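One chain comes next, on its own, written as structure tokens: the form predicted alone.
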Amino acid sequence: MTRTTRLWSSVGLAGFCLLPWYIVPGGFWSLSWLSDLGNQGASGLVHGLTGKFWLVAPAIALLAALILSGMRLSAAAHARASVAAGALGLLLLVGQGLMVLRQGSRFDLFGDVSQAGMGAGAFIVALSLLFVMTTGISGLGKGRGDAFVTGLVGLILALVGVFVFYPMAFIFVQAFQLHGGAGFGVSEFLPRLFAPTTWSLQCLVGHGYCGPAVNSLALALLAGLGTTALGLAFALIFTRTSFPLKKLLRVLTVLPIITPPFVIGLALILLFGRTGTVNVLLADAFGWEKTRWLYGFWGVWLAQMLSFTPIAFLVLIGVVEGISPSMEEASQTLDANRWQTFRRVSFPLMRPGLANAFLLGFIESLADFGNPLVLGGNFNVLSTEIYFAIVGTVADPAKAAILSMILLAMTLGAFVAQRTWLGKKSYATVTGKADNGQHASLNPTLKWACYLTALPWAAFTLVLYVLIVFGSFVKLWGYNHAFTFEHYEKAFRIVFRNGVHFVGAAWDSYFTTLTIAAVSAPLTAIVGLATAYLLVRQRFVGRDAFEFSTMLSFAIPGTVIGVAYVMAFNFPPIELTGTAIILILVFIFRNMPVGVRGGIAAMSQLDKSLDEASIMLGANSFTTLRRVILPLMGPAMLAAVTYSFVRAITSVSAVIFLVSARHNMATSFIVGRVENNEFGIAIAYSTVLIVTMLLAILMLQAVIGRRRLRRADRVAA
């Protein structure tokens, strides 16, 4: 413990003395600050000695921890000293960051002074103080005395606190704003929270429309159930049948998740809209009246089923694969038939995956605003109401905040229901014992039920995407079907003259998007799976609250997240607006819950005897995680990396307020083309992105591979 304390204290002091304390023009990695070490590139030590005395306080805490770690004290005394030094240093660092702003200090606490946003030096000092504190906590016997575990808990709590709770605090404070901006109070909060327009049940009795809260809840329940059922059907076909076209089916299952915004909605409109292809054919063939059924509940539900079924499949495929065949063989040895084996053995062991798949589908439906915006018509949901409350003609931040709180309450209800359904039962089937069995095949009735459910859906998906590709090669999809390359030329033109020049309008946003997605995807997977490891494998105070806190960013609409980030990170202590870092951060903490839920579902199947055997052989928690747990988490890692990568490319709501001239994203470019009625360029760009993401997914699958639990799998490999 003392060695770890000395290490982090030394790292923190080095950062305080050598690295720029504040943000520097051009960014830290440009190294331009090295030529201006006395001004913009000055370290915390230089600033502290030249007038900003308050910056020295965190360094004094680190120095105290370093000195005390070298003194002859008892282990308990060393631990208490580390906790005190780390906690006090963090408190002082956060306090001065919140009190001293660019325009001056709050409450004239430090006089007429100001400071910019924190930079690399402040980050290293804060990280070091955090790990000094968590090391001391482990020395007090918390987290089983494991510094790695307590440090990981502390790091994730700090990240969630800074990049989820801190920005959301700016939004929720607005919930108590009085009408007309006349200050804050509680007198209007409850009447607006339970407003009849929000909770109306008129549609149930056939008199008008239901309120957006009721609409959102009904839509989320049906979307969660539908996507889970379809995801399970696809997963069973892949793992329990000999279907010959599994590779093609695999591609079709992930296509919707890699589709940029508005494309699915636009394709559905051109197919099933009032003047869509299907409606026109039916009207001409049978004389049926053309209808607008697509614009409302069922159209939004259909689009969400297309969009979110891949999430359920990615979660369930690893869970279904992870069920030990020995369990099913034991059932059949006891004279159970294939249906009884599935119903009594296999299906109950899939409960963690089913629960997590439903939860993700439910939350995705609640937070989705692209599909309701395009197909909703008069069917209002909470996410679109929040969007228009923020960007409407008359902005109403209080209404947006209150509706966001309702969304959070619904998410909390789904989370509690999921935990209740799973209970405290064990679902572990992967142990340290060798397993050479084969999965039980499905009985004919169940197999054909899966075929009749999944294969027509896959065929519908294929038709939809053939039409999308077709739309990128015609003048104007739905009106002028003359063949052309014009849309691709405008977006992705390359000139070979004195070198290679990317002159197409879309190249800049394309390269920016790929770079940000490539950086954020592995970081998202790391944070998500590390959180899952703590939740499944460790016991600590507040674990349930910690688990729910990781879902908050996923439950809140991306538009609200984007506005919250602008409000929170547009001024000190953390200034990120207009940088690539803010885009990376919003993707990490927006998409992290998928890695968490997928990791929990997969890790719940790994028996804890694996960890115990590793630790008994002398490995610490970090080595056990790296050498034992992670090699068995291939499907979960693939799901987390894949989902975070494609969401970084296809997300629109969370980044629409965060893009800048230097860092424009593909989705922002596509939305701009749609607004200018340049649908051909938008569809062509979307097609290029789909191909790009398919290639990336195939590469990720080749690198990560599949989990090989049985001797037969390893022999075949």
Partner chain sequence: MKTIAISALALAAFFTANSANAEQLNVVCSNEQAWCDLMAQNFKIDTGIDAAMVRKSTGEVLAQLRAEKGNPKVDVWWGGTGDPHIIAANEDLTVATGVDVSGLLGWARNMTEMTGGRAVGVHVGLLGFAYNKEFLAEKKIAPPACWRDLAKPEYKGEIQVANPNSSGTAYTELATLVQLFGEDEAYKLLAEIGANVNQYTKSGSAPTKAAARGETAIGIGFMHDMVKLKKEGFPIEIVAPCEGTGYELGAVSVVKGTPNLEAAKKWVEYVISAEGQSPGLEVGVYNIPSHPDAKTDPEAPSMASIKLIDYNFATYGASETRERLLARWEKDVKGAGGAVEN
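Computed from a predicted model, the values in this text were never measured in an experiment. Positions refer to the first chain, counted from 1.
What follows is about the form predicted together with the partner chain, which we do not show.
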{"query": "Contact check for E289, W477 and L523 against the partner chain in the predicted bound form, heavy atom at 4.5 Å", "finding": "yes"}
{"query": "Which of 393 to 401, 638 to 646, 324 to 332, 344 to 352 sits within 4.5 Å of the partner chain in the predicted bound form, heavy atom basis", "finding": "393 to 401"}
{"query": "One residue of T579, Q115, Q418, S614 in contact with the partner chain, assessed in the predicted bound form (non-hydrogen atom, 4.5 angstroms)", "finding": "T579"}
{"query": "The partner chain: the contacting residue among I690, V674, A64, V56 in the predicted bound form [heavy atom, 4.5 Å]", "finding": "V674"}
{"query": "Non-hydrogen atom contact H663 with the partner chain in the predicted bound form at 4.5 angstroms", "finding": "yes"}
{"query": "The partner chain contact in the predicted bound form: F358, any heavy atom under 4.5 Å", "finding": "no"}
{"query": "Contact flag, F308 vs the partner chain in the predicted bound form, heavy atom cut 4.5 Å", "finding": "no"}
{"query": "Non-hydrogen atom contact L127 with the partner chain in the predicted bound form at 4.5 angstroms", "finding": "yes"}
{"query": "Contacts with the partner chain in the predicted bound form, stretch 27 to 45 (heavy atom within 4.5 Å)", "finding": "G27, F28, W29"}
